[in-house]
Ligand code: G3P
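Shown next as structure tokens: one chain only, the form predicted alone.
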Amino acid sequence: MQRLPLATAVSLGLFAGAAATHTMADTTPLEQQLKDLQSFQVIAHRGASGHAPESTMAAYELAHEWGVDYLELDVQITSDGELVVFHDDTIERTSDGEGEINDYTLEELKALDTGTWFNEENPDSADTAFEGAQMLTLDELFDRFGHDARYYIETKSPQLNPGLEEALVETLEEYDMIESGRVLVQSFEQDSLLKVQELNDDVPLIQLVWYYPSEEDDSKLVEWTDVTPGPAEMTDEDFQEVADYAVGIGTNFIYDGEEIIDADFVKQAQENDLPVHVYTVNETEEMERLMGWGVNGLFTNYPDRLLELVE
């Protein structure tokens, strides 16, 4: 076969495929993850927690099987320094134990039943397979799904979990979750996010906010940790202060049945380079309303409902 001159080959477009491949190769997995945040993300809140006990392997297995964009979880640290996937500061709501989670060793927490409560509270979704479900470690979750999933991890109650950020970043680095574009770290506590950034400034961060009526003046909304003003008072500068360290913002949109952000808030955040993820949205009508506003993602206990709307 006669080989064409290089110039002729280029003019015929024979190298177009190679050039495209080269361009794609120039985008790192982490850069691709950040680009993906501009599109809509289905975030499985504590797994498919409307269908299985929250924060258990069963809930994450189901969400992963359905093909969600992110598995959402909270991490805390045990008294012997192990990272566990658990939401509450105390263990009685979702286990057969009681007391503060940080007072227990991993071995003690592993002895708890974190599944039976779900069957009792959700008889329509009850499954005997949930009985005796063990509390997960972060290692177990990563060992199960590896780089086949993305993880949306909250540093939970950092004031009760000294050393949490250091242990988390160390684990993320060990499993190569950062450079591979597999993880977002979220927190209501700005100091916790800045600590993570100090430990590894490649970790993409999400600033969580919670807006509610002021106790002094219930006509005025305030933010739980004062990280921003209320939604109506937010300026471009306020959004930019968050965008200086975070790649997105996670917010509630309802408090006590009343909407507390609107489409203008979403638009202004996005204009300041902050994708908006809204929590925790379980009703289809509300999902559709927020998608109409152009939000970039929703946290939900029922990812199957949300996936039906985005497919």
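Numbering starts at 1 and follows the sequence shown. These numbers were taken from a predicted model, which means no experiment stands behind them.
Beyond what is shown, the protein has a form predicted in complex with the ligand; the following relates to that form.
Of the candidate stretches 241-249, 40-48, 282-290, 261-269, only 40-48 contains residues with a heavy atom within 4.5 Å of the ligand in the predicted complex. Although the partner is absent from this view, E165 stays clear of the ligand in the predicted complex, with no non-hydrogen atom inside 4.5 angstroms. For the chain shown alone, F142 is not a contact residue for the ligand in the predicted complex, no non-hydrogen atom being within 4.5 angstroms. Although the partner is absent here, T114 sits far enough away that none of its heavy atoms falls within 4.5 Å of the ligand in the predicted complex. Heavy atoms of L109 never reach within 4.5 Å of the ligand in the predicted complex, leaving it off the interface.
Using a 4.5 Å heavy atom cutoff, D74, H87 and F188 all lie near the ligand in the predicted complex. When the ligand is considered in the predicted complex, only one residue from L208, L172, L184, V196 comes within 4.5 Å through any heavy atom, namely L208. Residues E154, K156 of 151-172 are found to place at least one heavy atom within 4.5 Å of the ligand in the predicted complex.
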